[in-house]
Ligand code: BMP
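There is one chain below, alone, in structure tokens, taken in the form predicted on its own.
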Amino acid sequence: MSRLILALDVYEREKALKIARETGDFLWGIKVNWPLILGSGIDIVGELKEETGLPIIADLKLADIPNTNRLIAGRVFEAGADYIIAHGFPGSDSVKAVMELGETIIVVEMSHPGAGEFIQPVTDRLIELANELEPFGVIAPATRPERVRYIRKKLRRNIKILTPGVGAQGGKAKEVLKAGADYIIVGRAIYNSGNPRKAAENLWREMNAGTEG
């Protein structure tokens, strides 16, 4: 089974569907962010799901009061999303509003350098929140495998770790998997390559090296 998730951060509907078709054989799922939703409309979520048959993660990073989170999440789940990513820092009631409607992934730490300013200092509390609520998974940084290892040690074993930052941001897939990640999220290294299918296949083979047979 694949553990590779494509972060499909493009604007154009046809380009997104084409890349999804080309890479789907090597993916566990597809992550849709604001650029694609804003560029193509919310219906792209259902179109990608129908086109590929893969789980669709809506990376909205919801961070509002419970009622607003509920209104947004309800519409996105109705559109076909299987998972929604939400921030934990607005509090447990805001996260629960999303979890009541469908599978949820909580951000406990992000992959960019600025994450060290405000998010990383409260990662322990966000891990506690995840352990209390038991979402499907959490987001942790592939750019810092040592932090993935730290989070894995403190996180309940039934909660998955999804890690963005492999490829363009410098993270290494095998290193992050060894640190405890369950899924690797890759965007630019696939969709900006000259051959997205080959790029996805190469990553898939790298991640599965030594595990086949």
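Numbering starts at 1 and runs along the sequence shown. Since the structure is predicted, the reported quantities are computational estimates derived from the model, not experimental observations.
This next part talks about the form predicted in complex with the ligand, which is not shown.
Novice: In terms of non-hydrogen atoms within 4.5 angstroms, which of the given stretches 22 to 30, 181 to 189, 45 to 53, 146 to 154 touches the ligand in the predicted complex?
Specialist: Selected stretch: 181 to 189.
Novice: Here the chain is shown alone; which of Lys172, Lys160, Arg70, Lys61 has a heavy atom within 4.5 Å of the ligand in the predicted complex?
Specialist: Answer to the contact question: Lys61.
Novice: Quick one: from Ala130, Val76, Met110, Ala97, grab the residue that has a heavy atom within 4.5 Å of the ligand in the predicted complex.
Specialist: Flagged contact: Met110.
Novice: Taking Ala7, Ile139 and Val166 as the candidate spot, are all three within 4.5 angstroms of the ligand in the predicted complex by heavy atoms?
Specialist: Yes, the whole trio is in contact, each within 4.5 Å by some heavy atom.
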